[in-house]
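This document opens with one chain alone, in structure tokens, the form predicted alone.
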């Protein structure tokens, strides 16, 4: 049995133990709670559709973060990049092309561009201004959130009224088509799958991935071989921001059909957890994102069935993170020196 298999097995056991302890402390029968979560997430085609609707932005954000983690950057600004992608899509849909499909495609492209530009700005602050990318990202998150509120209550407010419900909804022809069995846009799911495949190919089989890895491992040595750390950092930020911007654009075109204050739904920050729990590797990202998406949707059942507040799902998420960190620390201490 390999070390990885042992680590995953121990992680699963610790995860169950931590989660069960949390449920018992909350006064919820563990088995009934697990069953309620599973039924709430996968009990019908409609619920599965809602899980996939959450899975898409989580997967896109986590995939984007792998580029910046590969080069050694913490792209904390991913939340703001989701917001700016949503703003870009909203702007494009407010100035639609003559053809609805072209208008929607333009909105998604605008989201990618604006998300990438926002991440690029954080990269410039890092490479040209000497600002730590964590502080640059957090600062730009606040700016993006303030910008979206100004648009909703200012230039893009509903005719005659400014409302926290957001801008006026777009015409149905500018919505991404949903599946016949649930309110999920197949195009959004397909784009997330393509993003996973493209990220795998780009990081593992291209010079881009090789250069990002080389700079991430040793920027000084990479520079001696003619690689520009600053240029590659900006590229990694732009790639990650583009995927986050696409997530925001899909929130507008495929989920809410308008711009709302909480358009990101916290998926940027949750995407950070997904990438970290995946060990900064791509393969586990879709599975971990699906788990968090199911937990997010399935927790709605907790107050209905067990009379437990749905916010317990957040506590369970914290327990999941703690369990994985505990096993990771245990594994690192037991590993021979030099073993990954």
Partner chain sequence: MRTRSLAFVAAALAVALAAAPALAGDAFRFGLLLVGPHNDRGWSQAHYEAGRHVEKTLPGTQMVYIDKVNPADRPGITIPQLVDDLVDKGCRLIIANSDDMKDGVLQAAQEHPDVYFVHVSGDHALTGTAPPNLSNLMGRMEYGKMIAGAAAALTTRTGKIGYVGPLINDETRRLTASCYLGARYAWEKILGRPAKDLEFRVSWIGFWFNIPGVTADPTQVSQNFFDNGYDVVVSGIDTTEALVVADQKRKQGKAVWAIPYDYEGACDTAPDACLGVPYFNWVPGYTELLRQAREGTWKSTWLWLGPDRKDLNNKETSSVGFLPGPALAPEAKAKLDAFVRDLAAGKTNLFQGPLNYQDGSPFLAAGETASDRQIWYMKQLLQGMEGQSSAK
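Residue numbers count along the first chain shown, from 1. Fair warning: this is a prediction, and the values are worked out from it, not measured in the lab.
Unshown form predicted together with its partner chain; subsequent notes refer to it.
A.B. asks: Only one of 192, 255, 116, 104 has a non-hydrogen atom within 4.5 angstroms of its partner chain in the predicted bound form; which is it?
C.D. replies: Checked against the cut-off, the match is 255.
A.B. asks: Quick one: of 315, 26, 276, 300, which gets a non-hydrogen atom within 4.5 angstroms of its partner chain in the predicted bound form?
C.D. replies: Of 315, 26, 276, 300, the residue with a heavy atom within 4.5 Å of its partner chain in the predicted bound form is 300.
A.B. asks: Hey, in the predicted bound form, is residue 261 touching its partner chain, heavy atoms inside 4.5 Å?
C.D. replies: Heavy-atom contact with its partner chain at 4.5 Å: present for residue 261.
A.B. asks: Flag residue 290 as yes or no: does it have a non-hydrogen atom within 4.5 angstroms of any non-hydrogen atom of its partner chain in the predicted bound form?
C.D. replies: Contact check for residue 290: yes, within 4.5 Å of its partner chain in the predicted bound form.
A.B. asks: With a 4.5 Å heavy atom cut-off, would you call residue 171 a contact of its partner chain in the predicted bound form?
C.D. replies: Contact check for residue 171: no, nothing within 4.5 Å of its partner chain in the predicted bound form.
A.B. asks: Residue 163: heavy atom within 4.5 Å of its partner chain in the predicted bound form?
C.D. replies: It does: once its partner chain is placed as it appears in the predicted bound form, residue 163 has a heavy atom within 4.5 Å of it.
A.B. asks: Please name which of the stretches 237 to 245, 106 to 114, 149 to 157, 119 to 127 has residues with heavy atoms lying within 4.5 Å of its partner chain in the predicted bound form.
C.D. replies: Result for this chain: 149 to 157.
A.B. asks: Heavy atom within 4.5 Å of its partner chain in the predicted bound form: which residues of 167 to 185 meet that condition, in order?
C.D. replies: Residues within 4.5 Å: 169, 175, 183.
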